[in-house]
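Here you get one chain, nothing else, as structure tokens; it is the form predicted alone.
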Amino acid sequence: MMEFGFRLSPSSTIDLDRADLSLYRKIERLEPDMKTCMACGSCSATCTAGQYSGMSMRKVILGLQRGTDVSGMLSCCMLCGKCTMVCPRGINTRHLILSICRTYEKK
């Protein structure tokens, strides 16, 4: 076999038909504001924890929409509220984070 200097990586696509979206739907009922997020990145840009841990509200919401576990990322949140103050849609992100954490505890 010839060596060309690169390898093929396994596909990183997510099959949304098989993803478990029960947690996302449960949180969506508790916090309908989550659907209004436009993923602008304002919350991530001001996040104190995000600078050191990779915590991002955009990644959290996207992870929930894809059915992946985001509890590890949320454990880094310091609940300072900066993200809530800068959100152009007025989403109470701190309350959203607390709701997500509570839902994980009940799971």
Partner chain sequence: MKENVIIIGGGVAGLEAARQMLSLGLRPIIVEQSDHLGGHVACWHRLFPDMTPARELVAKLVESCREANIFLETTVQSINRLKDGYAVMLSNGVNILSRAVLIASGFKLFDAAKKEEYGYGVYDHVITNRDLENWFAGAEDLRIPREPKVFGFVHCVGSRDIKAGNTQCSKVCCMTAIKQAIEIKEKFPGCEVFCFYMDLRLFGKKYEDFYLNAQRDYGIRFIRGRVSEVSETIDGRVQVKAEDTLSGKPLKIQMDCLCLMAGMQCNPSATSIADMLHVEVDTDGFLRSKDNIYSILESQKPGIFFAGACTGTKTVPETVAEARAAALSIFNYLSR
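We call the rigid core the largest set of C-alpha positions that still match within 1.5 Å between the two forms. Positions refer to the first chain, counted from 1. Since the structure is predicted, the reported quantities are computational estimates derived from the model, not experimental observations.
As for the form predicted together with the partner chain, it is not shown, yet the points below apply to it.
Proximity to the partner chain in the predicted complex, defined as a heavy atom within 4.5 Å, holds among L74, A49, C37, I27 only for C37. Using a 4.5 angstroms limit between non-hydrogen atoms, R58 touches the partner chain in the predicted complex. Within this chain, I14 lines the site of the partner chain in the predicted complex, having a heavy atom no more than 4.5 Å away. In the predicted complex, L21 approaches the partner chain with a heavy atom inside 4.5 Å. A residue is said to contact a partner when one of its heavy atoms sits within 4.5 Å of a partner heavy atom; L62 meets this definition for the partner chain in the predicted complex. The single residue of 81-95 lying near the partner chain in the predicted complex is R89, the criterion being any heavy atom within 4.5 Å. Fitting the two forms on the rigid core leaves the C-alpha of P88 displaced by under 2 angstroms between this form and the one not shown.
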